[in-house]
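A lone chain, given as structure tokens: the form predicted alone.
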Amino acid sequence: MKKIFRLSQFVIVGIVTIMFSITPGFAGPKRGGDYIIPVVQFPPHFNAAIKSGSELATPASRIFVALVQINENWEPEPYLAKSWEISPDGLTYTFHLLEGTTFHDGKPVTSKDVAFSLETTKKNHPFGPYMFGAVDRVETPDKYTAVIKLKQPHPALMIALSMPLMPILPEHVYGEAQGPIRKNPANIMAIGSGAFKVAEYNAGKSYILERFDNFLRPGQPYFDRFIGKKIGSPSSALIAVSRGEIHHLVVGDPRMLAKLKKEKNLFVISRSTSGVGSVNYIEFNLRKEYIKDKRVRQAIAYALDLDFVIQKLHQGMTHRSTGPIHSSSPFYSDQVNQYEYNLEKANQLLDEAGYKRGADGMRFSLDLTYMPVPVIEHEHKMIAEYMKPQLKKIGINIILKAPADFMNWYSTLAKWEHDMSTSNIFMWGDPVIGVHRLFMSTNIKHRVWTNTAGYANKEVDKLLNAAAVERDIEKRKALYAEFQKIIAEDLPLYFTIEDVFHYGFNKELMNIGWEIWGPGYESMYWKNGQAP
């Protein structure tokens, strides 16, 4: 029997929502006003089919739609696809599209655009092989039916088909006839079928998206414009949100959060943003002397008091991580060695490994760098600075090498020149998409957020390959539980903390929707129909 998902219950909800907003006597959502967000890292363009990253995800998810959306319960809901069926063997997904949907240029959205978008994302996106390597082909029997045929089961497919991972692109704008897609001017002046259309792009400064009145969800969006403004520093952003020049701010620094909470025109929400699944870790370069010894990596883990880091350095703003899978994931397991703080155990391991202390009390030296990124940079810098005196206690001399900038750090790791570095990765909804890339022996590359540690374990490869095709949720959980145990033992990466994002929103903002990726801006509106 085929699994069938239909739109009916959502149609009813939608009709009620529309009636509520237009019926006299009901104080429904009001249209009007701009919504302005701060932009820390300015997006080079808006085409999420050829690039990943949080700086791109927010505007791209306003400009483009996807086949489905993933709610906070990790369930797919209709978006461009009003319903779908999955064959009993899990190899055929049949999507029925909403008829009458148009792109911003007025052209209809058809199944051929869906097929084109999947192939484009598969070929060009950094996660393309993981998201769509299992796809054999996309059939388009009619204008409003897209049939995805798989070579093998792919339990992560529905998440891969959501925004910001697979935008529906118009083939007539981005197809081969228009030249190489990476040089297409529509990457910047993008044309999608999302709630907002691109009106203006000022590189490195600002972008303006205007409401698309023919959006597939009648009545939405409510804002007239969605605007991104480059903000130079955290202090500048705090001043801007206080003055109402921007309408929300995301912070990670405890000092910034304390100031944010004092702003009378804001309310603060703390979320882990489960789909993003932001986890931080210490990467070990397994090619290097000392580091290639598992006992050294384990000793370093035992020497770090993560409870102290979280409570004292981060003032309780982060959570402890126990492994590569975020605690909000259905596949998370804490049944692993968690390396509770133990200097005696750390010293014992180093002694057993044969690394004796010299006359100065030191056993050997290691270089350490850290990831310099906005919002959470303080977390990485604090941990790196903490590690220097802490590892001295077990005889490891840390040579702290502060990166000149992000590209300097990126280049160091991509060239495999580091001994150790702090880093961060997003799970992007499913381990197949965001986690496998760090550990597969087939993914050792000169590119950050691949297996730059140089880790190769046949058992881990086997477990991850099996989990990538396992449709039974309990069996899949068991595979990932075993994987997490092995990683905690081998420790090619030592996972330290999970980020919690703290959003300060203007108090006049109504109806903040939430998805696994973060706020859903299409349903938001200003209390009085205009920005305060």
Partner chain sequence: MKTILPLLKRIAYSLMLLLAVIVLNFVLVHLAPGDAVTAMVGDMGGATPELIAELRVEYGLDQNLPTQLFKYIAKMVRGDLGISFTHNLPVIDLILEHLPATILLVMTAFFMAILIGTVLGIIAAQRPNSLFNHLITVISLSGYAAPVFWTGLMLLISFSYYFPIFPSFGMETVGFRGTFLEKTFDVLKHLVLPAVTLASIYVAVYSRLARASMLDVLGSDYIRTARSKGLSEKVVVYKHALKNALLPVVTMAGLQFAQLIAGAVVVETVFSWPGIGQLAFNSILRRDQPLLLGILFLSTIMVVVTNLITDFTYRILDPRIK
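Quantities reported herein were computed from a predicted structural model and do not represent experimental measurements. Positions refer to the first chain, counted from 1.
If you look for the form predicted in complex with the partner chain, you will not find it shown, but the lines that follow are about it.
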Quick check: do 44, 227 and 407 each get a heavy atom within 4.5 Å of the partner chain in the model of the complex?
yes
Residues in which of 326-334, 137-145, 212-220, 238-246 have heavy atoms within 4.5 Å of the partner chain in the model of the complex?
238-246
Contact test in the model of the complex: residue 74 vs the partner chain, heavy atoms, 4.5 Å:
no
Does the 4.5 Å heavy atom contact test between residue 419 and the partner chain in the model of the complex come out positive?
no
So in the model of the complex, does any heavy atom of residue 232 sit within 4.5 Å of the partner chain?
yes
Applying a 4.5 Å heavy atom distance criterion, does residue 55 contact the partner chain in the model of the complex?
yes
From 367, 351, 305, 263: within 4.5 Å of the partner chain in the model of the complex by heavy atoms is 263
Taking the partner chain in the model of the complex as the reference, which of 87, 397, 315, 202 has a non-hydrogen atom within 4.5 Å?
202
Contacts with the partner chain in the model of the complex - residues in 465-502 whose heavy atoms fall within 4.5 Å
none
